[in-house]
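In C-alpha cells, the next block holds one chain alone, the form predicted on its own.
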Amino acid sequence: MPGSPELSLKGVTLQRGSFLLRADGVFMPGVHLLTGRIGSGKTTCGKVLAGITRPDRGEISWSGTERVMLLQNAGYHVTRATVRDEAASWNTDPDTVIRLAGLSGKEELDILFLSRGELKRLELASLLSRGSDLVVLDEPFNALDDDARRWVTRLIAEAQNRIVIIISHDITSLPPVHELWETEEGVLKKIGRIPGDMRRWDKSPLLIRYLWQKGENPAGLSRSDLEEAVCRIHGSG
C-alpha cells in the first residue's frame, strides 16, 4: 500500500555492559508480538525500534512519521499535575482521551491520585489516539483488570495502517497478531506470520504447547482464538 510506514533494521548492534543486542528485520503495518525471556533484550530492542535509543552500529530505515513507545511503568511518562493537563500534553483532545480512558469526572484530579490501572489507561488512550505510524507497547496489560485488558485489545485492533509492536510475555489478552518475533540472548529473531508459522515457535508458552498436545491448532494468538481452542477441547472431552 503506497504511503504505508516501514521500519527496517540491518546489522543493528547495541552494547550495554556485557549485554549485546543484535537486530535485523523489517516491520510492516500490522500487530507484531515481541516475546522472550526476562533479560533477553525485549525492552532494549523496543527502545531501538521506537527511536528512543540509538544503536552503536547498523542501519535503521524508517519511512513513516512519528514513532512512540509506552514503557512498562506508565508513571515514567507523567509530565503534568492534573488528569486533563496530562492528557493534553500528548497533543490530543483531552476530553476525548479522558472519555476513552473511562476517567470522566476526574479531569481536575491530581494525577498522583489515580490508581496504577487508571494511569495506565490514561497513557494508553493518549498514545493510541495520536495516530502515530509506529507504536511500541511494553507490557501494556500490566496493572489492568480484565475489562481494561479487553478495552486495550479493542483499541489496538482498531488501529489502521500502523505498525504496533507489543512487548509481552502474557499471551492471554492479545488482540489479533499478524507477526511473531522473539529475542533470545540479545538476538532479535522473526518467528513468522500468525497463524501459519506458529509451529516454528520453539519456546512457545505452556498454553500453546498444551493446545498442540491436545490436537488443537488455534486460529491465532488473540484472546478469542485461544478461548475458542480451549472450549473445543472441553467440548470434546
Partner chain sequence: MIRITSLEAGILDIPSLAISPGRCVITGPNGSGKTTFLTVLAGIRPPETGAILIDGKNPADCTIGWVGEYPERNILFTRVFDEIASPLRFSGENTDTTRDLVEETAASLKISSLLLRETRSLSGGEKVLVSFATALIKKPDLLLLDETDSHLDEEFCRRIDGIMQRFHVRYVLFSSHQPVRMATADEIISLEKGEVVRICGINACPPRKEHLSDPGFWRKVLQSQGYPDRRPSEDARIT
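Keep in mind that what you see is a predicted model, and the values were worked out from it rather than measured. Numbering follows the first chain given and starts at 1.
The form predicted in complex with the partner chain is left out here; the points below concern that form.
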### Message
At 4.5 Å by heavy atoms, is each residue in S115, N142 and T172 next to the partner chain in the predicted complex?
### Response
yes
In contact with the partner chain in the predicted complex (heavy atoms, 4.5 Å), from 25 to 33, 54 to 62, 176 to 184, 204 to 212, is stretch 204 to 212
Item to check | 4.5 Å heavy atom contact, D93 to the partner chain in the predicted complex | outcome: no
(Q) Residue-level contact is defined here as any heavy atom of the residue lying within 4.5 Å of the partner chain in the predicted complex; does Q72 satisfy this criterion? (A) yes
query: Heavy atom to heavy atom, is R130 within 4.5 Å of the partner chain in the predicted complex?
result: no
(Q) Contact with the partner chain in the predicted complex for D110, defined as at least one heavy atom pair within 4.5 Å: yes or no? (A) no
Answer key, the partner chain contact in the predicted complex at 4.5 Å (heavy atoms) among A88, L103, A148, I156: the residue is A148
In sequence order, the residues of 219 to 233 that place a heavy atom within 4.5 Å of the partner chain in the predicted complex are R223, L226, E227, V230, C231
